[in-house]
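There is one chain below, alone, in structure tokens, taken in the form predicted alone.
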Amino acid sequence: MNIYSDLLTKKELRNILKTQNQLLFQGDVLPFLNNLSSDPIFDLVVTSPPYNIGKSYESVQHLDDYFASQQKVIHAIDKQIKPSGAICWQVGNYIDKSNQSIYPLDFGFHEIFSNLGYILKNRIIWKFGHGMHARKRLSGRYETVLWYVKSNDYTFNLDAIRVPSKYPKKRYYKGPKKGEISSNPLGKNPEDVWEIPNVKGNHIEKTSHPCQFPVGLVERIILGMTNEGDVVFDPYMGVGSAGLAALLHKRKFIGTEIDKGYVNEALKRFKDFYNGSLKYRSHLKPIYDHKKSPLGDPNV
């Protein structure tokens, strides 16, 4: 398994994916994309871009400059997405340090995607249980996944992502099916609010990355919006969580990441996957019942 740092042609990229299921590129995503010919290759792009909040891997810009730079990347990505492809762009809030005003980043990104003709299918709310406690506003406990498609000919595998029904024994109370079970035996639609723990503290997936994707979040996206053998791309790969979700479900993965340390961590996690020692929290695992923790006992 290699890490690539020299720019690749589309032919080279396709040849690599014929013999292996992943391609990790260490370097800036824009030159990587601009070096590729225009015949589309991506079935799904799933990522969480820098939020422009001053993390170690980014520099804070004026919001206009931030969106201008993101627009260049998105336009380059657009040339590589198949007509039946999709984008899942996961973002949070930008906080103006001068007055602590919140700007939801999905506002600005939606303008970019809609101007390119993308169709917004869902604004998925990713609800998580832990984070910093605010003192002068309500504590934030969700972020947003914007799911866009290029056309109405897109992949959506609902049965692959169904969750247990709330009332599995519910029956029709009238009509020709009166008395029969009304719920789908495979479970219900997971709806557009997903409760999946974020990677904090002692989470089993925790690495040095301060804002990494939980594999389970990307699992549900990949299962629902791609088919086996499809190509998944993450332009801001970080430590490779999207790639791991792709490999877990027999998809191919291309990831770019500018930080060499994160790419090396991603490589280690991919090796763990192949040798059977990868630690991750499946999207199927139930949310832990906090009432069973001794931390909730007032007598402790």
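Every value quoted in this text rests on a predicted model; they were computed, and no experiment measured them. The first residue of the sequence shown is number 1, and the count goes up from there.
The next section is about a form of this same protein that is not shown, the form predicted in complex with a small molecule.
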- Closest heavy atom of residue 258 to the small molecule in the predicted complex, within 4.5 Å or not? yes
- Query: Would residue 211 count as touching the small molecule in the predicted complex under a 4.5 Å heavy atom rule?
  - Reply: yes
- Does the small molecule get within 4.5 angstroms of any non-hydrogen atom of residue 44 in the predicted complex? no
- For residue 246, is any heavy atom within 4.5 Å of the small molecule in the predicted complex, or not? no
- Item | in the predicted complex, segment of 211-219, 189-197, 132-140, 97-105 with a heavy atom within 4.5 Å of the small molecule | 211-219
